[in-house]
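Next up: a single chain in structure tokens, the form predicted alone.
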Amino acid sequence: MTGFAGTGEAIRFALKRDRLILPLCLAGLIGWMAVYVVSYSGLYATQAELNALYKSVAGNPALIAMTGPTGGLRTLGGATAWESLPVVSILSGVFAMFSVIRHSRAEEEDGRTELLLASGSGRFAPLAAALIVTSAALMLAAVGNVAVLAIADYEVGPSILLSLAILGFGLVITGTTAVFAQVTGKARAARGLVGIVIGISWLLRAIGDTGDGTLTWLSPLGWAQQTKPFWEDHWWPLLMLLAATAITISFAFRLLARRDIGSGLIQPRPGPARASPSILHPLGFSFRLQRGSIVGWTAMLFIYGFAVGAVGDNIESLLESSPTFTEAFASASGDLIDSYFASILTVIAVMGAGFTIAAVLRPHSEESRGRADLLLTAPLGKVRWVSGHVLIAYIASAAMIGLTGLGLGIGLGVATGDYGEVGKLFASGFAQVPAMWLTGSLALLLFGISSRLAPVAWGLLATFILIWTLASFGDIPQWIIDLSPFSHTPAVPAVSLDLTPLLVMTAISAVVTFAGLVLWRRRDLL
């Protein structure tokens, strides 16, 4: 057990580092479940509304692919679980991915793990601490979800099953992340591989549920959904999730025992002897660093847009299954489908703003890891260096959301055989760009003030997501809604395009970007 010596100290250190982040993440995971509970309780208050929902949704292949089997929609608990289980599970997986890498691979990359081991800690202590802290947080979130469901008078047994299914998927991703943290030598690469695993898990589940069901059993998300809370209440798939967690965690420790600290089992291949002329320019160099993220995010959002677009020919009957839904969407336009796509474009833009923030803050990671010092010793100005990353972030964000709108149109065309809406949805996507730019500029402003404030940008994005969610499902004061830039974007294609708010947000974004660059130029490096 000498390899685990110092695990307690490593846990205390991890908890101290996350004393602010961890409570916020827990509140977000539990709060997301609460949003579904409150919204479904309000939207489907009677059995007649639930029956109408089931009648309009049951057997729809597109909706089954997007969310899962629809057999439990005759009850309020089943309807809540139908939509909340996959979403909250994926959010739990994303949290697990960031948490494990933050306390394992990222610590090695920054050189802090070597200091910890030099103080007498065992080789396995940092990874063990990361797994324990992450698993404990997921368990607390599960307890919170059970409490939320119990407060809303949902059945206790199925509520526990739903929460354990979400927990199980999060634990599988915890173990999977631990494995990839040993395979790769970079935190960014590990996050990318785990993100692919989460995406494949969703895809296998979607194909399996719309087919003969075989591929569903190759997906941990499929295992979680096969518990079917508030419907058939299968407890045994939890054993599959538990077994996968145990296997991946034990495999991660075996890999850790076989590799050198600070490196991965797969070493990056050496680059070419001579640099390409394009990366000798700050803009080309920034693009070279960000191209993997650009391709990954664009592909993910395009596929998501295509999948959502494929539901378009059935969405009107779904919306009309609930008077509340119909009223909410018809308030923007008489055309329910256009209103639906306008809402979806906002959701995708908020997701895409995550890329915008990550791309704008790439200099933050370069600075915190000491690589910025080497770059700036060359005849490269601070502002030119950061401006390259910001420009790439803004251009890629615009292209990304435009292509997502194109995916919506193509998906709708495949479903209906009519591709007449492709151009309109492609253009509608660009209406979301100023809000994404403004979010990115706020991240740059925080980075310009202090490198330590840069992560707060993710808190801003979480706040914007919360505002949008609450505004969609309930009445909140207008001044709170106005705090989010995404609230000021015209709901195209449901309404005619109004350029005024877009031009105002673009101008504000330009001013905030300029202020961020000036502040960055004046402050010292870490």
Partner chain sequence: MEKVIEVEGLIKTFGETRALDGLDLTVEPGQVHGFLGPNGSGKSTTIRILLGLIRSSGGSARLFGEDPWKNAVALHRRLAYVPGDVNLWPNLTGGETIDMLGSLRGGLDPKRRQELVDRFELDLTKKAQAYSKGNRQKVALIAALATDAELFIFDEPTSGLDPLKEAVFQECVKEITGRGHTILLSSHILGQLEHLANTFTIIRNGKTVETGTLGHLRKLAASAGRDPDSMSLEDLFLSVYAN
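Model, not experiment: these values are computed from the prediction. Residue numbers count along the first chain shown, from 1.
Below, we refer to the form predicted in complex with its partner chain, which is not included among the displayed structures.
None of 158 to 166, 395 to 403, 216 to 224, 281 to 289 except one has non-hydrogen atoms within 4.5 angstroms of its partner chain in the predicted bound form; the exception is 281 to 289. Interface membership of L380, defined by any non-hydrogen atom within 4.5 Å of its partner chain in the predicted bound form, is confirmed. Among residues of the shown chain, D373 is one whose heavy atoms approach its partner chain to within 4.5 Å in the predicted bound form.
When its partner chain is considered in the predicted bound form, K186 lines it closely, a heavy atom lying within 4.5 Å.
Taking the partner from elsewhere, G423 is found to have every heavy atom lying beyond 4.5 Å of its partner chain in the predicted bound form. Screening R74, R123, R369, R102 for any heavy atom within 4.5 Å of its partner chain in the predicted bound form leaves a single hit, R369.
Proximity to its partner chain in the predicted bound form, defined as a heavy atom within 4.5 Å, singles out one entry of A257, I261, A275, A243, which is A275.
Along 495 to 526, residues R521, R522, R523, D524, L525, L526 each place a heavy atom within 4.5 Å of its partner chain in the predicted bound form.
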